[in-house]
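First, one chain by itself in C-alpha cells, the form predicted alone.
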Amino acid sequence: MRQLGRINLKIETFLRRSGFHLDDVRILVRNQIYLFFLGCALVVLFRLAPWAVAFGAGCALSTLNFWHLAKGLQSIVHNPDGAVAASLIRFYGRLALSGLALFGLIIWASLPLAALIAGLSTVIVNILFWGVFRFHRQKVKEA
C-alpha cells in the first residue's frame, strides 16, 4: 500500500472511531484535516510570517468549525428527535466563539485579512474539489 493510502487509512480509522460513520462526510473531514496540516506547514516553513500565521489560524478555525458542524449534522441524520434545537444552540455558540476569535485575530493580533480569509475559505475549496471529483467519477447514463 502506498504511503498516502496508509495515511488515509489511519485518518479514516480515527474519524470512524470519532463518530464519522458516513463515507462522504469522513472524506470531507479527512481532506480538511490535510488542508489544516498544510496551513501548519506554511506557518513553520515561513517562520511565523504574519500572512502564514493568518492563513494557519484561518485554516484551524475553519477546520474546527467544519469538524463540529459535520459531526452535529451527522447526529441529526441518525437521531432526528429533538436534535434541531440542540444543533441550533451549538451552531450559534460556535458562531459567537468564531466571531470572538476573528475579532481577536484581526484587531488584537493585527493579522493580514486577506490571508485570514484565504485560510477560512479552505472549507469551500475542499467542498468544491470533493464535488468536482465525485461528479467526475459518477457514471452518466445516456438516453
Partner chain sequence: MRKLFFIALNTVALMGLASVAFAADVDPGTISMIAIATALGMGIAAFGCGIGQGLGLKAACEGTARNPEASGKITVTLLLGMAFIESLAIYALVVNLILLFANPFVG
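All of these numbers come straight from a predicted model, not from anything done at the bench. Residue numbers count along the first chain shown, from 1.
Absent from the display: the form predicted in complex with its partner chain. The rest refers to it.
Distance criterion of 4.5 Å from any heavy atom to its partner chain in the model of the complex singles out L69 from the list L69, I33, L42, A60. Highlighted residues D24, R94 and I117: every one comes within 4.5 Å of its partner chain in the model of the complex, counting any heavy atom. Contact check for V123: a heavy atom falls within 4.5 Å of its partner chain in the model of the complex.
Among heavy atoms of A109, none comes within 4.5 Å of its partner chain in the model of the complex.
Under a 4.5 angstroms non-hydrogen atom cutoff, its partner chain in the model of the complex lacks A52 among its neighbouring residues. Interface residue remark: L38 is not counted as part of the site for its partner chain in the model of the complex, having no heavy atom within 4.5 Å.
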